[in-house]
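Two separate entries follow, structure 1 and structure 2, each one form of the same protein chain as structure tokens.
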Structure 1
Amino acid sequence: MNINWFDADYLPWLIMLFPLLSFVIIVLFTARSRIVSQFVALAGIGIAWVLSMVEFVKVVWASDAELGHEVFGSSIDWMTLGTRTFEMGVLVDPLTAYMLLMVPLACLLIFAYSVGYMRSDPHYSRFFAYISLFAGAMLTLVLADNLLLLFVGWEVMGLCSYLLIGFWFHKKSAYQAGVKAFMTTRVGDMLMMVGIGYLFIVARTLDFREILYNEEMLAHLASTPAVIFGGSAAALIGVLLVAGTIGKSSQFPLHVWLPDAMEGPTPVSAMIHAATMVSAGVYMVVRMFPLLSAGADFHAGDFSAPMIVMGVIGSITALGAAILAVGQNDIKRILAYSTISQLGYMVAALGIGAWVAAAFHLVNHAFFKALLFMASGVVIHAMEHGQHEAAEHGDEHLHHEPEQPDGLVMDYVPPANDIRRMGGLLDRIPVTAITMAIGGLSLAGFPLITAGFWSKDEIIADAWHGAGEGYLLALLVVLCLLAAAVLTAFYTARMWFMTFWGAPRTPAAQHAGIGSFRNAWVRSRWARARRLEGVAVSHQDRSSALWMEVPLIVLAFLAIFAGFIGVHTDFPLLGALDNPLHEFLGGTLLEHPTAVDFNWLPVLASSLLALAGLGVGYWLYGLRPLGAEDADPAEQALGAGIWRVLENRFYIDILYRRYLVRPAEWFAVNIVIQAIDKETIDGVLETIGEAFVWLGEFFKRFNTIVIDGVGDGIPGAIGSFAGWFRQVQTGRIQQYLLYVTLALLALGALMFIQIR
């Protein structure tokens, strides 16, 4: 078969192949060579990115031909189940192409950042093998043309999250966090798998085009009664699929794993929170939106059951996570709750039918959240260096993680992660500070000049429109999202000012920063001071700086400009491009969605709230930077009781531990292990074993006494008799004559008796 692999139909196979191939090569051949493994991983994701850009260009060129009606892709036979043959294939439609803009690029930048970040790690090659598999699984999920292959990529990412969150397995908190993430997401994944199975039973296919681009199939699913709970099969399947997203994208109540996932290396946090795992959950429900909304006219306020679930869960998650982020002091956990909140925005948007806005925010969020996490990693490394420097000067003792009670990873904040111990890092790591400010402004939705503003504004505009039409679900969404917007701006400002502003609050912050975190091409005041002190800034440090700071700069650029492709058509000046993103993504569905009319009110509301949150943050933390002994103004305003609740995450983890985990452990130990396994199953098996041992002993004795006694006794008796009788043959003539004489006498006596 002659295949042109650079044809748009076959190129997607290569896109997802190269990262997976990198994983195989590193594991089997290059694991002992750090440099070669690094090169293999970068080559794999780099080639995937180049091919993705080629594919995207081909898609854009084909857009005039109404891509969506005619898509790119190919498939091969996979396995046969009864009379049905499953096919494994790739599909490129507008939604896939849009994801190909983000996923490979974000992964490539994270890989490059990892070269500098993980340079001193003893398991360097293993790390690159795992993240290569992670990237390959995400690309498989994005390019899959059916739900089964998507689920394969989905589950491989679950494995990778376990391996990477617990990458530093020598830390108890790390491997506990890996197990927690794996087990928590299993809940949603099991329900999702049930939904996939039920969909196959009803539709007899899992192919996206056969289900989602087929009016008859969608009508059939919407009209078929569900096997349980009433309603339609489409509604039940949709709710089960949404459950998968609740687990994978860390929505309430399965959100508890994501903050603890910060125990992994920072590049892993960036991968999970931006390019791969949590994005996969939102992507899946965006992809399956025609099924989730089947049988409902959400334009008229008639929302399906899956949409109601998404709207309510997403709204609660967006607001609740934003509240919790205010009370966190670990820089990475602030960003983790920020991720949960922003994912809540996307899920809530899908609940009211704003799937284009959700996809728009998904990609923009990936860029600025990857930037924020990677910048936080630079901050943490700089603080760790500062701790060692301070310890060497006798200014501070190194801190060690205390033992966590009941296996919980909750209240302890590592000193290097604690924003209360920072301050003054703007002069120490200026490139990181500036790029993190750009990412923070995009996260906060700073008006007009950030990507986060445009995508978040689209979601709020759709919710505002629905609320204006009197839809209660849309009203809930818009109220929660607007409240979350002001909190997002506030905790972002709090995080940045406490980290970079003012004077250092601890000796670690005073000594923070090493050459690898300097601007490698601009000789900063810090680097000059270090040289004057006789401390050299090595070439390796400068090389590490390039590997880490260049991705930050690229992502900072995207955090500003990536949003301009989705500006509303009627927006003054900037809307002249006729909203190319909405037009492009609209081809994904059978029915091209219409954008809501432009309205200044949601724009002004979201802008004012973002500015208000940033303003309050500046007023509390910027105008008068905190000193070493100053209390946190937010903590003082909320009070010790409320602050403790926020620090302990509404005590949800403790409740789960007390009422779910401990009962499950008790049931496992006392019922499953002790009562069922040891006493029942082992007892029955041991009784059966003992019975057969007794039976074996009985047959052994029977064999010895009866069978062996008779069988061996007769030949033994014959042998004994022969041995006795053999004594007759002595070879002595006198003895023989004596025997003959005795025999004759006996015969004579016998004859004499008979004669008488």
Structure 2
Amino acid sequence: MNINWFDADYLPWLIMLFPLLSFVIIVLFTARSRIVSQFVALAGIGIAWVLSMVEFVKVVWASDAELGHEVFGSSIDWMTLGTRTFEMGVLVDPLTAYMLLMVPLACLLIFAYSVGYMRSDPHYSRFFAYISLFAGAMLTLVLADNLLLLFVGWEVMGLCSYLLIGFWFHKKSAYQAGVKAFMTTRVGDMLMMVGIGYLFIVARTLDFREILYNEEMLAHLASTPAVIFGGSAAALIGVLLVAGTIGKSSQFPLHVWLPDAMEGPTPVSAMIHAATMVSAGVYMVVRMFPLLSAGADFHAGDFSAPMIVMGVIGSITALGAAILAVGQNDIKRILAYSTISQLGYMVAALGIGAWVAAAFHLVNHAFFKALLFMASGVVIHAMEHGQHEAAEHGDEHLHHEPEQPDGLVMDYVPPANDIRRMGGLLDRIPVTAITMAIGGLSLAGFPLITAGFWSKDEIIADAWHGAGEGYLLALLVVLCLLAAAVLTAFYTARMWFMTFWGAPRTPAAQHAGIGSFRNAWVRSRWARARRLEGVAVSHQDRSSALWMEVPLIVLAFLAIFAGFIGVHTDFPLLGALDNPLHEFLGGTLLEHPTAVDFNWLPVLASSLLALAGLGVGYWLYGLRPLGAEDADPAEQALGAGIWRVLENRFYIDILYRRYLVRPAEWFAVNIVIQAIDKETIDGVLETIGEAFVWLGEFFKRFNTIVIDGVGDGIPGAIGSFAGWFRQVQTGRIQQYLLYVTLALLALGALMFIQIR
């Protein structure tokens, strides 16, 4: 069989195959060897990356000729249920190709970073197995050509997020965070599954090509009335699918799991926040956009129900999360809220129909957010090293650290993550500081030179255009997003200056540096015990620093240059690049979207707001760096009351705990156990039980007298016979063979008699 593996029919299959294969190999064969597992995982994702690049180049070359309608793809029959055959297939169109540009590359860099970061972890191989599965599931989702396969990838990722967030399951808070993430996203997933089911009922297919590229089908969906709530089937399905995204991409009100997902190792946070989990939600709605907007002409201000839901939810999330990020002191939690906020941008963009801008921001965000998370991992690493060094120098004893709380606590910040305890790390980990500054500027949307600016600007420009036409939804979006933009710039500046600027505020920061990484749990329990055993635990391990820093530099490069492919055509100078992205992605869907006219106002507005936010941040935290005993200026400005609210995340988590989790527990304990189980069911059972006890008494009498006499006799006889007969079992093999021969002869004799 002569197969050209670079042929369009096979290549997409292979992309997702290799990471899944490395998962299988590590779990089944190489889990014992840390080195081999590490390289199996790296090889899997590396091959996937190379193949993705090949695929990407092929798509780019093909894009001249109406690519939107001639997608690469192939499918095979999966299962036949009744009269329907579900197919499993892959599809590569410009949107997929654009995702393929980002996902495997980000994953590869995160994998490489993990080599350095997880070095001392006792479950190193398992970690690589899980993240391989995670990456494989994401690639499956991206490449899927139907909703069912997409949902499979979606759910496998849900599982992986659970496994990885709770990776240090010895910590109660970690496994609680894992369960929280799993359960919260499950709410969205359930609704999404209902949506998929309903879509299948109405459309009789789940294939993207048959639904999204088929105007008749879309019209049919838009004209069929929904079973409930009025409206069209397309609207109901769309809202349900958006609910899935709200869970997966951590939108209000299901955003609560993401900040707690920080309990996982930092590479996992980078995975979840950048390359995989949350991107999946946005990717899914971008992919399903024709369905979500079916039956509504959003260019004329007629938004469909799913779009209104997305616009409102996205705006609220973008602004709310940005406000919360200001009030956090945990470096990773600040980034977590910034992720939620940025995802809000994308969802809001989809709400007003700017799906190209959403995809653009999705990929740019993935790059700079992966960068920020991995840089924060290095910071934490450096701080833990500093704590350790400080303890050895007697400046600060490890057991003076605040004890870790039992389980998830809202305002607890692990000491190594606490930006109040940092300061002055700039000259200790300079590479990280500079790359993190680049990532932060990209996040804040620093004008002209960062990727984040271009994509964010495109979203705001689209919304501005809509608001100019007088659409209320677009107005809401543009106001929320501009407000969020200034806050984003501010908290980014606050985080960076508090971490890297000025003088060290604690001995730990004083001694910070990149040594071998040991996270808090591993170091306190495992490494300390090893030292007691006399096993040397190396403190300076340069290669692990290299593994961590190289991905940072690569991502910093991307955080700047990934934006230039989407500059508006009419922008002076840079517009000469001709906005290749818009043309490229535009071919994906049926209707080629027209870019909005260039307008100076939104560009100026977002630039000025970003600069203002950064400026305020510099003014508060940069000009006069925070001293060891100083209070946080933002806290002073806002007042302690508001600050508490921010630290406690608007009390939403507490609200859920009090009004959803507690009642559920109460219901379980009091209603189900007490009222139903103990009183009703047990009452009936006890009455029956008493009747039987009486009956039993009667039988017992009968038993002792009549049955025992006979009953004891027979077992007794059998017992004594068995006692005699067991002597046959001598355990001598030859004696058994003797019996066998005897039986053989008996059989032979029988045959003789028969013949005669």
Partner chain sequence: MVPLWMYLMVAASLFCIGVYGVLARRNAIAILMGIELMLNAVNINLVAFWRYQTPLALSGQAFAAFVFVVAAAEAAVGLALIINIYRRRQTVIAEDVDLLKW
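Source: prediction; values computed, not measured. Counting starts at 1 and follows the sequence of structure 1. Between two forms, the rigid core is the largest collection of C-alphas that superpose within 1.5 Å.
Shown second, as structure 2, is the form predicted in complex with the partner chain. Taking 2 Å as the criterion, F702 counts as shifted between the two structures: its C-alpha moves by at least this amount when the rigid core is aligned.
The two forms, fitted on the rigid core, differ between the two structures by 2 Å or more at the CA of Q674.
Annotation: Cα of R32 displaced by less than 2 Å between the two structures, core superposition. The shift recorded for the CA atom of P715 between the two structures is 19.4 Å, with superposition on the rigid core.
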